[in-house]
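Below sits a lone chain in C-alpha cells, taken as the form predicted alone.
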Amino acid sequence: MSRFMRGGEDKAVNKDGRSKIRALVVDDSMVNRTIHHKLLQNLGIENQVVGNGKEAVDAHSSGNYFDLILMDMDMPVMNGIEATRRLRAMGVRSLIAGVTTRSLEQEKQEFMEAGLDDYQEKPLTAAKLVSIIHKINQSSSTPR
C-alpha cells in the first residue's frame, strides 16, 4: 500500500490526475501558523492548522490524514518531540518535518530521533517548503 493511501481510500486527485497533497501545520505561534498556511496555500496545498502537538495527535485520532506535517518543537500542552513520537507510535506514516528556531545539535538530534523525516530552521521559506514537498513526490511511489 502506498504511504498516501489510508484504509484503502485513495487520496483526492487534481484535475490533471495528480494527487493533491494535504498538510497539517502544528505551531503555537499564530504568526507562524498564518505564514506556513499561506506558503502552503500559495503552492496549491490544502492545509489545516493546529496550535500544539496534542491537537495534531487528536486530528489524526479523529480520522484525518495528512501527507505532510510541519511540526514546531516548542509548544505548550504537548511539544513537537512528544507529538512526533506519539504519531509514529500510532502508525502515522506522513512525512513529518520539524520546523523550529532551535539550532542546538542535541535538540535537533532528539527531534530527529523522535521520528522526523526532515528538519528546517525557521523562518520557513517557499524554497525550504518546495524542498520538503520534493521529498514527498520522490517517495510517493515507495512505501515507507
Partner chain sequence: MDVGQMQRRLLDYTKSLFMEKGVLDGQFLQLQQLQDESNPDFVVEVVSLFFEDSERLLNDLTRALDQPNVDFKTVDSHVHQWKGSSSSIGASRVKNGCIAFRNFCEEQNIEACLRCLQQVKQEYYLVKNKLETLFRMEQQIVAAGGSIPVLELSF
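All figures in this text were calculated on a predicted structure; none of them were measured in a lab. Positions refer to the first chain, counted from 1.
The form predicted together with the partner chain exists for this protein as well; it is not shown, and the discussion that follows is about that form.
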Spell it out for me: taking the partner chain in the predicted bound form, does every residue among Ile35, Asp74 and Thr101 have a heavy atom no farther than 4.5 Å from it? yes
Please determine, with the chain shown alone, which of 88-96, 25-33, 51-59, 108-116 has non-hydrogen atoms within 4.5 Å of the partner chain in the predicted bound form. 25-33
Partner proximity in the predicted bound form: Ile81 to the partner chain, non-hydrogen atom cutoff 4.5 Å: no
Does any part of Leu39 reach within 4.5 Å of the partner chain in the predicted bound form? Heavy atoms only, please. yes
Might Ile133 be said to contact the partner chain in the predicted bound form, defining contact as any heavy atom within 4.5 Å? no
Counting only non-hydrogen atoms and a 4.5 angstroms cut-off, does Leu124 reach the partner chain in the predicted bound form? yes
